[in-house]
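What follows is a single chain, given as structure tokens, in the form predicted on its own.
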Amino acid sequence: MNQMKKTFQEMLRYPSAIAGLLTVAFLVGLAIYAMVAIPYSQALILWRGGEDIWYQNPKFAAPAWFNNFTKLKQPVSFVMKESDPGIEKVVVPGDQNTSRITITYSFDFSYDAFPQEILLYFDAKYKEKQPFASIYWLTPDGREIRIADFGVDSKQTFRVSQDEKLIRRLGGVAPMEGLFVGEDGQTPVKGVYKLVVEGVTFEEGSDLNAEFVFHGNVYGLFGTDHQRRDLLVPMLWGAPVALAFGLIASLGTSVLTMIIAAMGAWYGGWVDELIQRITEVNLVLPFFSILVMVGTFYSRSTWVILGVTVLLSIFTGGIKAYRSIFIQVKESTYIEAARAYGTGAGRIIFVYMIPRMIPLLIPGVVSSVPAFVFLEATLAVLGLGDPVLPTWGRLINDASVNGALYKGLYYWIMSPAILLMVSGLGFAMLGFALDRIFNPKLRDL
């Protein structure tokens, strides 16, 4: 405990260590928040769902906070349900089991561009006779526009921009412009708009409700993609996946490499020869090409790729570096004393030899995490990532395949790329500081 406290105090001397610690703490906090706020099963549903999950989201929408940095304010997406503020529902009973239902949606529009779409998701209750609905649009400058009249099914979606009759009624102008444009014919009118649904039911107990969905041009913290998916999900869940892959691969590789090197140095003979020959063969194998082959022909599961990565990363140059140090440790007087007392080989290796190398192990583990994080992201960018998990690399791959840069959707690529760079920089700074602390030759540099 005292040693840990002393190490932590020593780390506070280095600004890079403080910055690295804060960055790693941020990533760990982000990973914990992702797993608590969006459990794994829910994240998969949100990422791999369908129109019934993503219908509230617009396509290719930039993050909502973009409006804080642009002069031209883009419409923000929102949804209004029956119990939300801004909705007024009036039911007036009539003769012969009929009822008149008026639903009014009021919202303030203060933007400089036109929205993508306006939708109504009807939910009608009836036995035989369908309710009938008439939809009207009231603008801040006093205009009333009749949008549509039709019978309503039990579950029905009405898309305003796809109504051909409305387009003709607006003189061929696209509905998303015709409903908002002012007298100049170019800019939208700002103020309070109202969408009124006047329904008539023809049976006792029949009812009519509708969910109002407004698709703007900006949405959420990270925007949406071509499938209306909220990019918040992969941005959050990319953190635990990246950290798990990087830390497990780094720690597993470093620990196994040290153990194997210690066994080879202690036993010598054919054991050491075998380890060295395997290492030399592995050093000439095309590491990345093998991972590509595994992802192409066998499995793209993150955990399969992780296992292959650890297996191929054990017998590397670290084996030879650790071996040379362990050979020197093997000749130490305290090792000879332990052998004289009859201490077994296993105890000497794991209690006396390996603990001496932990000061070298810790900086190496921390410093190698970014390499494995970037490896997982690189495979995902190439289309060889896990098809199930929402990760930063998968996000970049989707953006690349769907031409995000050509369409000017920079947020789609920049957000995960920035988090990847921050992750690499944080672990690199922390590892560099730890190396200076644990390596006596670097302390005064």
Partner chain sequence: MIANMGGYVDTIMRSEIRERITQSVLANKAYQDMPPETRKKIAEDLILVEEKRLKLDTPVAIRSFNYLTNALRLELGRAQNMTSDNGSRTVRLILLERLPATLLLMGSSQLFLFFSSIYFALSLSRNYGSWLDRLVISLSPTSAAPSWFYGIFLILIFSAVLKLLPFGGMVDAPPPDTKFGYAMSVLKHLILPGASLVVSAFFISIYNWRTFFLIYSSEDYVEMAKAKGLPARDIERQYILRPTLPNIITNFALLLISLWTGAIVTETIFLWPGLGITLYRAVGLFDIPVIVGSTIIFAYLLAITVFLLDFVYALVDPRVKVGA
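Residue numbers count along the first chain shown, from 1. No experiment lies behind these values; they were computed from the predicted model shown.
What follows is about the form predicted in complex with the partner chain, which we do not show.
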Looking in the model of the complex, any heavy atom of Gln56 within 4.5 Å of the partner chain?
-> no
Can Phe297 be called a contact residue for the partner chain in the model of the complex at 4.5 Å between heavy atoms?
-> yes
Any of the heavy atoms of Ser289 lying within 4.5 Å of the partner chain in the model of the complex?
-> yes
Could you confirm whether Phe26 comes within 4.5 Å of the partner chain in the model of the complex, counting heavy atoms only?
-> no
Do all of Tyr40, Ile349 and Ile362 end up near the partner chain in the model of the complex, with near meaning a heavy atom within 4.5 Å?
-> no
The partner chain isn't shown here, but in the model of the complex which of Gly178, Pro370, Gly252, Pro131 has a heavy atom within 4.5 Å of it?
-> Pro370
Which pick from Ala62, Leu420, Leu389, Leu30 sits with a heavy atom within 4.5 Å of the partner chain in the model of the complex?
-> Leu420
Note that the partner chain is not shown here; using its position in the model of the complex, name the residues of 396-414 with a heavy atom within 4.5 Å of it, in sequence order.
-> Ile396, Val401, Leu405, Tyr406, Tyr410, Ile413, Met414
